[in-house]
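Have a look below at one chain only, the form predicted alone, in structure tokens format.
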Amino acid sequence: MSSTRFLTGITTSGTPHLGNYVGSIRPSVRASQADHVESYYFLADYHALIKIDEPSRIQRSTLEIAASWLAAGLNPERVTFYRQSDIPEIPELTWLLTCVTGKGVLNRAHAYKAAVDKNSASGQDPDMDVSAGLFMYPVLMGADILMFNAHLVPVGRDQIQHIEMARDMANSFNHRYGEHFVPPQAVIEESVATLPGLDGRKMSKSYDNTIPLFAPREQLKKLIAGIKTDSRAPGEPKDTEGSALFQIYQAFASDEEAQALRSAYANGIAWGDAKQILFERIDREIAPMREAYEDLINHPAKIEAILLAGAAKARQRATPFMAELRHAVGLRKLGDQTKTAAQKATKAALPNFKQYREADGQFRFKLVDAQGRLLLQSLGFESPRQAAQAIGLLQKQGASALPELTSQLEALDVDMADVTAALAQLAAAG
């Protein structure tokens, strides 16, 4: 059975916090243990350069995040665990993707738009203090994902746009140079997509409202005591809706535990008691990992060796794939010209499928013969994956798949013998 490729990264811009743990580290470790999953985990230190200009902070964060993942149970023998900057093919791919990505797409990126809107609202030049790195951030993220043709990428809801942009980059490149990239899918755990911080806003280093993942027990207790609550007194019923304390608890608790605290809210539990319950639940899960984390932090050479081994493993895939992509775009040895021209002539003599996106957002495909004559035309699909699955069925089963797909195809005035022959040609060509 073929494996599903799963990829996730954390930017090395600060100390890992509970939001990183429940939103990325924990689900990633669990996913890595599943059968038929090929997992890629990386430390996004190139991304950190966009917003951090303290070298020691990036270095320290890299150490802390690597130690956190390993302490949480990530097995470097089972997965590919690497530092982004150890893979030179990633910035090279970023440039190739830059050349097929419209500036208008990047203009709509949330982080860039937020910076421009903030400047405009204050009467400043719209691009004041906006680096090219911030503007190009989605392309680098696209390269991270597409370098390993990841099928699934876990993200918070606020990051879905980046996965959609990576899909657009994959489709744009494939349209120009042939099928090289797999358009990725976002994976979201709804209950932990955005964990609230101490002040109720999203837990983020940018807001300085985080709870460090491996804070000592007493510090953890003190930070939880500082979570913002309302003024309702003990005995007064309390709402779980909008309660940062309850949302954090829910991210750690079982359904039964969450229901018990929900009932306690309705019965007027004191905020101090609720915070004690939250502290004990978090510490029960985190405490067993603290010792392993401290040992790793105190032995950085051990982590360095693991990351270098992971980079070598990652490059076993990245290096030949990059060579394939360089050849596809025309960055070739001059002696390859004749061979390539012959290959193109052979390819042009075959029927082929073309997948595209219409202005209405629907995804469609068509089958054209060697002369460009339209033989099959699909109706709209909600996602490119659905369109690709239908194409795959036709490529695998040929004309015998047509009855199953009748409801998804437009009726065309063509000879079905031509359609059958074209599908047979594709099957014979492999």
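Quick caveat: nothing in here was measured; it's all calculated off a predicted structure. The numbering used is simple: start at 1 and walk along the sequence shown.
The following text describes the form predicted together with tryptophan (TRP), which does not appear among the structures shown.
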Give a yes/no on whether L7 approaches tryptophan (TRP) to within 4.5 Å in the predicted bound form, heavy atoms considered.
-> yes
Distance check, L93 to tryptophan (TRP) in the predicted bound form, heavy atom within 4.5 Å | no
Contact test in the predicted bound form: I145 vs tryptophan (TRP), heavy atoms, 4.5 Å = yes
Please run the contact check for Q159 against tryptophan (TRP) in the predicted bound form: heavy atoms, 4.5 angstroms, yes or no?
-> yes
State yes only if every one of I224, I286 and R290 has a non-hydrogen atom within 4.5 Å of tryptophan (TRP) in the predicted bound form; otherwise state no.
-> no
Testing 136 to 144, 248 to 256, 210 to 218, 167 to 175 against tryptophan (TRP) in the predicted bound form with a 4.5 Å heavy atom criterion leaves exactly one stretch, namely 136 to 144
Answer key, tryptophan (TRP) contact in the predicted bound form at 4.5 Å (heavy atoms) among A72, V153, M203, M322: the residue is V153
Checked L376, A390, I58, A44 for heavy atoms within 4.5 Å of tryptophan (TRP) in the predicted bound form; positive is A44
